[in-house]
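Take a look at this single chain in structure tokens; it is the form predicted on its own.
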Amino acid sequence: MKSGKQNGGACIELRDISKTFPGGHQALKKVSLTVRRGQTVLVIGPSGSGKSTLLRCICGLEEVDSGSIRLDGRELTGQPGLRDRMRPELGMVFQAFNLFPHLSVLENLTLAPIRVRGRKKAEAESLARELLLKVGLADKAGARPAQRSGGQQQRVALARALAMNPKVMLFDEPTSALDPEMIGEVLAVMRDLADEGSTMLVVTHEIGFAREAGDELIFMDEGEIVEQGRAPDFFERPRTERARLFLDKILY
């Protein structure tokens, strides 16, 4: 849990968003939530509950069928031009690392800031080196991604997202593709970001991280938010039978 930082106004606001895929599967059913500046919101739930679709709709990889998505008070739904301009404000870290294999670690971090943000090369490289130091990879700037472990590659991906100085960080189960011994190094960086007051919306299956790192926890099932509140309350006193059944399976 973050200490000493007050949460601010609304950063992301979702109101009644719904999404149905071809074939009739409704992945999201009138989902509403607010992520405030400086807040870390954790999203958990069984496979197929709509967690990843939620993030993909926020960052524009999927279009919602109905509802409203606002970023810093600006309506993004139905405005593709504005959404494209606002996309750099959303830092996305996926399950897969999605690094450019032909570029060095440093080049992976500086490409978008130079081309999209218009930063000078020297400025972009200076920030990139600061971020590599932050994620514990200061000595790997010249390496190719394939020369690094999975945990290191995910930390590079995290630093690459931070290099755009986004308003909010979105994480889609960032440790799910990692070997168990590599998970801790990625979660440690995410804990530091939470402690520093970064605005984060995190889909995760790491229950220990969800217990301790979030300001708020959301439990989803079958495309809906079933419970929402403080993480300790959810784990100690779940309000719904569906949540109790979920916890029984993952905790015992």
Partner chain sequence: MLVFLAAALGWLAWRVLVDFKYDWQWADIPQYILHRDSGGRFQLGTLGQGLALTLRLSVWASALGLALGLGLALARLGASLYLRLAARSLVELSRNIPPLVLLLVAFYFFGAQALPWPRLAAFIRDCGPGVQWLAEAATVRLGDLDVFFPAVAALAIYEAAYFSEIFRGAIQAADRGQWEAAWCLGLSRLQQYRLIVLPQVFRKTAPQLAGQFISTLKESSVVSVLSLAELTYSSMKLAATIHHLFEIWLTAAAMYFIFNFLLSLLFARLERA
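Since the model is a prediction, treat every value here as computed from it, not as a measurement. Numbering follows the first chain given and starts at 1.
Keep in mind the form predicted in complex with the partner chain is missing from the figure; the text below concerns it.
No residue in the set 126, 134 and 190 has a non-hydrogen atom no more than 4.5 Å from the partner chain in the model of the complex. Proximity to the partner chain in the model of the complex, defined as a heavy atom within 4.5 Å, singles out one entry of 138, 116, 177, 82, which is 116. Among the residues 183, 33, 59, 210, the one placing a heavy atom within 4.5 Å of the partner chain in the model of the complex is 59. Put simply, residue 112 is close to the partner chain in the model of the complex: some heavy atom of it is within 4.5 Å. Although the partner is absent from this view, residue 92 contacts the partner chain in the model of the complex, with a non-hydrogen atom inside 4.5 angstroms. Residue contact check for residue 87: one or more of its heavy atoms lie within 4.5 Å of the partner chain in the model of the complex. At the 4.5 Å threshold, heavy atoms of residue 121 stay clear of the partner chain in the model of the complex, well away from it. Of the candidate stretches 201 to 209, 23 to 31, 216 to 224, 59 to 67, only 59 to 67 contains residues with a heavy atom within 4.5 Å of the partner chain in the model of the complex. If you take 22 to 39 and check each residue for a heavy atom within 4.5 Å of the partner chain in the model of the complex, you get nothing at all.
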